[in-house]
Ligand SMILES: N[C@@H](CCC(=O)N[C@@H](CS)C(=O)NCC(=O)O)C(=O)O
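The form predicted alone is given below as one chain in structure tokens.
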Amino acid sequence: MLRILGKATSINVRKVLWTCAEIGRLYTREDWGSGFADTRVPAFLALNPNGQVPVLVDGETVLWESNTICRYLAAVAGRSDLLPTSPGMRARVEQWMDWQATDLNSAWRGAFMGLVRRDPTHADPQRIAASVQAWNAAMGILDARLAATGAFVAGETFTLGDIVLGLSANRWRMTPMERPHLPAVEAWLNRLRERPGYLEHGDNGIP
């Protein structure tokens, strides 16, 4: 049985859980991370030296980095709809997955940690305001892309790019801050609500 190590409230763990829902993969999940089992113990660090969740254990295969895990699961399941085999189409999906993990994550971190997590190291109002501005600007890029496709991030069909960005967009709409009206993002989120995996692991009241 596939093992997923990480608490269910983690946004990165939820990427993996939603992917499993899409491909119909059974798994067992173990609570690791803040408030649960300590990820700095030797047994966990042997699986992921970064001490972060999620970690996936699939027989002899041990993986960390949530987007990589999602790619692996789709590939093992033979789900070329989620992760195309054509180099150009696959690159387009991975481009938006990488953008989520780099540009978008960097934009929201200060605002989310300060406004939702109330982390004292992210309490500077000016830094929070700058993060909010950067976050909204990044979401504007996503809105323009979705307006161009009229459907999903990589084009006409749902892919892994929508999973990782759907969770980030859910966090954006739930964080208590000012945000612009982005009609293409709103319409896309309504499309995602048609998928049981998003309702269970994305639009479930957890930012």
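Start at 1 with the first residue shown and count on from there. All values derive from a computational prediction rather than experimental measurement.
Only in words, not in the display: the form predicted together with the named molecule, which the text now covers.
In the predicted complex, the named molecule stays beyond 4.5 Å of every heavy atom belonging to Thr157. In the predicted complex, the named molecule lies within 4.5 Å of some heavy atom of Val53. In the predicted complex, no heavy atom of Thr61 sits within 4.5 Å of the named molecule. Residue contact check for Ser34: one or more of its heavy atoms lie within 4.5 Å of the named molecule in the predicted complex. Contact annotation: the named molecule lies within 4.5 Å of heavy atoms from the stretch 61-69 in the predicted complex, the single such stretch among 178-186, 61-69, 23-31, 147-155.
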